[in-house]
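Only one chain comes next, encoded as structure tokens, the form predicted on its own.
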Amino acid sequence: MSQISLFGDEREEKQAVPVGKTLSVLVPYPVDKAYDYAIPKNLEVHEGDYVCVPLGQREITGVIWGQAAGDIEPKKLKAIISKYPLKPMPEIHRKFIDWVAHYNLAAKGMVLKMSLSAPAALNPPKPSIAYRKKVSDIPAKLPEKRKAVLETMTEGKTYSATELAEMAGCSTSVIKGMTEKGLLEMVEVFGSPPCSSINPDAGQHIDLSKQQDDAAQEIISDINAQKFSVSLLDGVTGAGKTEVYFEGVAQALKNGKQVLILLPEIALSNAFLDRFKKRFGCAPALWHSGLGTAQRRETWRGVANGKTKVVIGARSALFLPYQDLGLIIIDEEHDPAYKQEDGVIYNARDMAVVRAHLGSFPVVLVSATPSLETIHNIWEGKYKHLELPTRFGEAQLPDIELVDLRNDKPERQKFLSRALLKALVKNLEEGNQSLLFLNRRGYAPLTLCRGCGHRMECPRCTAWLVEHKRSGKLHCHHCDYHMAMPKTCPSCSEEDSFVACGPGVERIFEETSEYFPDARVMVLASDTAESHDDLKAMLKKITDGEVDIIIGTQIMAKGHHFPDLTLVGVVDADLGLQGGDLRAAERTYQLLHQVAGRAGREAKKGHVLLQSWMPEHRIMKALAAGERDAFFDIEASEREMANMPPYSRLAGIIISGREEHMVKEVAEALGKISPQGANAHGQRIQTLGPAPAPFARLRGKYRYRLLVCADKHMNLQKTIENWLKQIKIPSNIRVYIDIDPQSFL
């Protein structure tokens, strides 16, 4: 796509500055190529430099990508305006951006945009005000608060006003008053980048078991070899996997390398950060969407200049412009949260493996329930397998019991079986904590008119509205639409006719509180812990023993360690099996295995009850028997028979727009010329659809899907590119390409 077609003919104006050579610049816009710009003779720039360039009436940030294409007359070119004072973006990172764009069929400029996600960081940081002790001796008649401030200060060291106030137990106005009296002096200081002075030998070291040490030494060996490798650190919940890969982090730091640790959910970072601080004596740099502008600016600049050594973050942290990355850890590698479904669609786990390959360093995948794709790569000898089959120390794996709801039915309009209630009573009497797990927010997933059967649906999505007692409203969990509960049915006008169908965590809270009025019960879900501080406070209450029964969603399923939690009851173990998702069985097994792993993580033995209407299902049997590998064998066999990943490749084509008839027309036109059959090399491809997506309407847009299934070695990207070029897509219709889809909704 040409620059003229996107932005108009913007290069006709002649430059007032003398220009020399030309280079290409990639800009963070939906463009597929870098554009030629002239270099002013007084400006020295190199490939990878961050520059400011004119684009229409705007001045925007770009990155010098390489040599100019030379297809525009030099006199028509606009000139680069200025260069930012930063180290250049490394060549490896630019190659990574090119690779991600090509593989995921995404605009190269939009991939670059993910790497330029803190624009304010491009400019030099501004100094902040700090305070330094100005007197050597403390005056005798000094007020107590001022005296406390001076006593807490070290000679020659600088402190922020907030830091001093916290140390001395006073307000910041006391600090400012002391400055006016000549007791303190103000100085301008520049803050250090986060995690820039980490000591790999600091903090607490835990004695590893023989199995842990063997795995750690294998990772350390790969790091020292400075060659690409992929290892799966495969350990049961509570096996001490984190302590093992911390040894790898320490070795990479000793070698002067930067380290990236990816976590699937930010909720995991609170407990994880404490463990990191204890091991390394300082906090890592954080990167996720919940950070403020200042923190993002400091982390981005620290990474780009090579001073920030360890980053812990969500999937987007992979696209920070690391100067010398030497190790990537992907914790809970199986988690679907690593797949980005909006904007540039990509799988951070798979892209991290590519990033490690380009940089010639190791990547460690970590999980108690690896993805089938990773297990398949183990079987084929592509990945190393580091196993930790037992829990660390005295802890034992919990006993898992199936509760057949066909025989042990809860009371009418209740959801806890007699067996689970009995276990809760016993656990409370013994002074231990219990977790009731249900991966469904709100009070009830469906609100139904008992008179005419009308279901309350979202007007913008193909989804039922979920009742929330906490807000007193009906909510859509897909587009954030909400409304007050109507007093009359919009279909039959009958008053007070609505009834809640099915349970959410709020309804389980209501039932639990009724059965156990004296118990301290807490609901922990993404909408009850609305901020990181809220979540941290709630988790602390659990750790401190201030909660008897926790009712939680998947936010409780992994990454947490509660010493007194000995009972886990899964309210609806069958929930994830609903629908026709390719990975439904695998994900259900992973989620239930992870939540079961919260029980009995120290000396106290754990017990898990899975309530199911299908206890004979292979997932339930595998969980109860602890036969994970047998489950994977069966799952792999079924996938192979169906010619589904990891034995083939998939791509989803999603057509979206506000006019349903136009969406359908484009989808049908693509379907008529879709790739089918075998190519010249005998590689087969099949395209299914088009058909309305399971969520046929999402956020006000209608959606159709096609699914492409191809042999593993086919050039799927080229095939799809050639196919889509044959149809002119109207400007009000979007076509999304999802390579290796994880969701089919």
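Computed from a predicted structure; not experimentally measured. When you see a residue number, it is the position in the sequence shown, counting from 1.
FYI, the form predicted in complex with a small molecule isn't displayed, but the following is about it.
**Q** Would you mind picking out the stretch of 205-213, 411-419, 187-195, 248-256 that comes within 4.5 angstroms of the small molecule in the predicted bound form, counting non-hydrogen atoms?
**A** That would be stretch 205-213.
**Q** Work out which of 392, 464, 509, 632 lies within 4.5 Å of the small molecule in the predicted bound form, going by heavy atoms.
**A** Checked against the cut-off, the match is 392.
**Q** Heavy atom within 4.5 Å of the small molecule in the predicted bound form: which of 239, 608, 149, 223?
**A** The option sitting close enough to the partner is 239.
**Q** Report yes if any heavy atom of residue 243 sits within 4.5 Å of a heavy atom of the small molecule in the predicted bound form; otherwise report no.
**A** Taking the distances in the predicted bound form, the answer for residue 243 is yes, it comes within 4.5 Å of the small molecule.
**Q** Quick check on residue 470: any heavy atom within 4.5 Å of the small molecule in the predicted bound form?
**A** Taking the distances in the predicted bound form, the answer for residue 470 is no, it never comes within 4.5 Å of the small molecule.
**Q** Is the gap between residue 275 and the small molecule in the predicted bound form 4.5 Å or less for some heavy atom pair?
**A** Heavy-atom contact with the small molecule at 4.5 Å: present for residue 275.
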